[in-house]
Ligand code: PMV
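Taking the form predicted on its own, here's one chain by itself in structure tokens.
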């Protein structure tokens, strides 16, 4: 599909008002997306585990305006409080997607959103938040145009979410989602995420992710700036080629259940992501001393216990500890005994593979 496919025909229905709620999860990339072109197009393909517990719940109330103006009309509430400082990001998002949702200026929206994980916990909420909002807006579009198919609804929601936050396009579905053109993946696209359709060994079902909150402070360099620094990075072309190669390798890894190769690829991807940050100009370091302590502890425990835990990192200091469900008891005991001490205020989040966003039915009393 191309961008023009997401521009709607004239709507069939009139809708005066309504409300919808979606719960959308975050995700953790195994092959990392780092570097983007214009319009949120990724410089390389990526693949992620969809998470379950780390999610955003967003409700959107909409009411037809008496007259259309040149401005968007919306209020934004985060965890019950109006947040004017969050509005510019939504304004930017609406500007990017107006061509694909031409009804946006016809309505006043009340957006109410909350995370299942603590705010400022160091878990990026842009993926879960933008995907939840995109789904709510797509619900209204399907009210206006009921002939929209489920397949198209999902693709367009992912397409719109990407325009809010690149990785958000991987949060619509689960449990494995791929985003970005990849020559050996049929149906892959830079415009939206697709559900990984190849064979997946049972060992990767119910995979666990314990997120160690090493540092909850604001990052010294935003992800947007970090992506932009890949444009003139001396190692960018090699990195993009590596991502394609690792994605190809993961296909057989997932099919065969080869945990040794899975660990090598996932940890290499995490360290390469941070190597790109440390070798850009200007260069920056987002890992903290406790991040390195945790990594070394994981390596030592894996060698001594013969278990299959591994780590991955996002663009920050926190560590995602990944491990198969059948090793949960032993690995989680190790985490509590030896790794939690390196977390800020001893905080961590227990999560696992999830299966995508869901519409929430609110029972009226």
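Owing to the predicted nature of the structure, the values given are computational and were not obtained by experimental measurement. Positions refer to the first chain, counted from 1.
Here the subject shifts to the form predicted together with the ligand, a form of this protein not shown in this document.
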Answer among 56-64, 319-327, 294-302, 26-34 for heavy atoms within 4.5 Å of the ligand in the predicted bound form: the stretch 26-34
Of the options 227, 244, 87, 216, which one has a non-hydrogen atom that comes within 4.5 Å of the ligand in the predicted bound form? 227
The ligand isn't shown here, but in the predicted bound form which of 165, 113, 189, 280 has a heavy atom within 4.5 Å of it? 165
So in the predicted bound form, does residue 273 come within 4.5 Å of the ligand, heavy atom to heavy atom? yes
Answer for residue 126 alone: is it within 4.5 Å of the ligand in the predicted bound form, judged on heavy atom distances? yes
Within 4.5 Å, heavy atoms only: does residue 315 come near the ligand in the predicted bound form? yes
With heavy atoms only and a cut-off of 4.5 Å, decide whether residue 145 touches the ligand in the predicted bound form. no
